[in-house]
Structure formats: structure tokens, C-alpha cells
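The chain below stands alone and is given as C-alpha cells, in the form predicted alone.
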């Protein structure tokens, strides 16, 4: 008996969802789609999987109002488009979907902006239990990269190819594909994974040879990490049993970057088991580092203060470590970038800061 592919399952789930709307119509019911409420008050810790998932609160997309009916109409048109795309073995980007809707024959089905089409794809993921990658939907390229002693085999349209992520790439590293599950890990000499927020710091580490000296795989997050980046980080941890560390700026927005790697994000909590690496540890910049190293800083803006206070009420950050660090930052009223370590010299980060932090965390 043949095994159903991810794409075949995705198409089947989409058609089943459309059939459910039809059956509701035929049965004299007002069609609706029920989804978990996507707020931080509706996420809870799943002890079995070790990740944050949606709780029991739900909201409905119902055709009992004009606004709700439009949402379901757009869902039906999108389902038809995705099913056809899978039939033809084609793919498209989230941005293209937004523009494609302009060609649909019913103007009420057109999306008003890309946020609306993005959210609908997330809704369809939740109710179908299928990821957008299996719908053949791609984000715009994130440009996130790997650099380190890892040999992989990847699938391309021209067949398989093997790549060593130090020896076979330039200074820019190996660019993570949209669907990293197509990558096979062949061999590695990695001792730990270091995820880095900014391009400037990533380049500093590579120029200083940090990846070679410490057998480290440097993952450039490129700001808020894309799903593909979070997925490959999780695979590196789960399949290769590698410690994962995250190195970001010292501000509330960067703590959320760490949080999306370790805890999962609120809007994709339905995929936490697929994307989140709860064992990932935060290296810095910590508020304590600002004090200990007397780093150059900027004052906290009102938006920073509000974000920090919000994190204190976020269940994902309610640990002794994060409460202590966030309260310290509110007390000193300062934030600092990774590059502030350069005030101690260009080699300080690779010769002193990271080795000392990694040693204190028992990573090296």
C-alpha cells in the first residue's frame, strides 16, 4: 500500500474543509470555522512536549454577519487556489497570494492587505492540521544562513547535491531553504549551535574564526527568525543532540526573538512542537552585562518599557531568570546592542565575552 505524501494529505484536508462548509449549508446551518484565540492569555505550557500551545478558548469565523461571510468566502477561494496549486505541483509566495486574489471573479473575495491573506493561511493551517509548507506556500526569502562544520545533502530541482557549510560556501554561508525538512544531515563536527540576531555580529564571529575555533555552527537569525530558521534549529537540536544558544541585542524585542526560538510565537503556537526548541538558552546581551561590562547604551523608550512590562505578565517569561533580568533593565532604564561589546575591542566578543558566557552555561 502506498504511503500518502504530505502534499496529498494537505490537498485532502483542504477539500474536507470545503466539504464541511458545504455540509453546513446543506443542513441549514450558518457556516462557521472555529479557531483557538491567538492571544498570550490563551497559551499554556504543555508538559509532555515542553512547548507553549493554545489553550481552550476559541473564536469563530461565522457567516452570520457580512464581515464573517466575507472571511469564509475568502477562505473558500483560497482553498480552491491551494488545491489547484497542489494538483499542478506548483508553489507561490505569501505575497503572490495577496496579489493573486485580485484576479478572482468575486471582488468580495479580494484581500484588503497582505496581513489578511497571511492570517487566513495561518487559520487554514490550524483547522486542517497541515503546515503552509505542505500547501506549497513560501514566505519571501529571509536570507538566514548557516556557517560551521556541517555536511548536508539537499534536494533541488536539478537533483541532490552535497554541501559542507564551511568548505563549500563563501563568507555569506549556506542559505537556509524555505522547507528545511528537505535537508539531510550527513556529518558534522559541531559542539554547539549559536544563533545570532544581527548580520554585523554574525560577520564579526566568522571573520574572527569563532566557528572554526569552537566547532560552532553559527545560525544568522536575521532579526525575527523565519519559520524555516526555527525549524532547522529544532532539527539540529533534536536529531543531532546539539546544545542551542541564542545571542541577541539587550532589549525587549530581542528577548522576543529568543522567545520565538525557545518558546514559540503566539501566532504560530499551533506549530510549537514543529518549530520551538525549549532547551535553547539565552546568552545575551543581558541587562546584567550592561552593568558588569559598563556597555554603551541607549535609554529605554516608552515602547521598550511597555514591552518589558508586557513580558513580565507573559507566561513564557515568568521564570526567575527572566523576571530578574527584566526588572533589572527597568531599574537601570537602559538597553544595549550586541555591537556595544566592540567598545572593549573587536576581539572582545570572541576572546572573552562568549567563551566566558558559554563556560558559565556549561556549553564549552
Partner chain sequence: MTSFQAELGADEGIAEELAKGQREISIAEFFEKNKHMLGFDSGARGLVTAVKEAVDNALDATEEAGFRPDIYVEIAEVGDYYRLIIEDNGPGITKEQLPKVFGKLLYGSRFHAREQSRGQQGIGISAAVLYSQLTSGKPAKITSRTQEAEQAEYFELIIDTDTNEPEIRASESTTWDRTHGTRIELEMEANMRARQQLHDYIKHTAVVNPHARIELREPGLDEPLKFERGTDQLPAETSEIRPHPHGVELGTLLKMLAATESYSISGFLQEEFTRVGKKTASKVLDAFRDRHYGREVSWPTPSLDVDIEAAVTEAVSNKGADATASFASEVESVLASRERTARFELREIVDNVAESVAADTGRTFGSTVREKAVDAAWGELTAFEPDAEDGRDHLTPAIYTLVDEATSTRKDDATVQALAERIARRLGNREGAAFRLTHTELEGLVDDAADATVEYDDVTVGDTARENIIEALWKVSRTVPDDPPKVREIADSRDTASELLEAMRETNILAPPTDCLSPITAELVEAGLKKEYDADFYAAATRDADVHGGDPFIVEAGIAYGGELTSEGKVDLLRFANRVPLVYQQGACAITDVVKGIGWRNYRLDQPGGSGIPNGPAVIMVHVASTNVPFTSESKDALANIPAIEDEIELAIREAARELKSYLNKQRSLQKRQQKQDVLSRILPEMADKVAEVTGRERPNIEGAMGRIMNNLCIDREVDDGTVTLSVENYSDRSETPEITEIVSVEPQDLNGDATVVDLDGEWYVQWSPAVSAGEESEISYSVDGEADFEITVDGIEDEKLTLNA
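Everything numeric here is computed off the predicted structure, so don't read it as measured data. Positions refer to the first chain, counted from 1.
Omitted from view is the form predicted in complex with the partner chain, to which the following refers.
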property: Of 30, 300, 328, 307, the one that lies within 4.5 Å of the partner chain in the model of the complex (heavy atoms); result: 30
property: Heavy atom within 4.5 Å of the partner chain in the model of the complex - the one residue of 39, 58, 313, 65 that qualifies; result: 65
property: Contact of residue 347 with the partner chain in the model of the complex (heavy atom, 4.5 Å); result: no
property: Residue contact check: residue 263 to the partner chain in the model of the complex, 4.5 Å heavy atom; result: no
property: Exercise: residue 53 in contact with the partner chain in the model of the complex, heavy atom 4.5 Å; result: no
property: The partner chain contact at residue 174 in the model of the complex, heavy atom, 4.5 Å; result: no
property: Contact check for 69, 72 and 79 against the partner chain in the model of the complex, heavy atom at 4.5 Å; result: yes
property: Option from 144-152, 239-247, 177-185, 102-110 whose residues, in the model of the complex, bring a heavy atom within 4.5 Å of the partner chain; result: 102-110
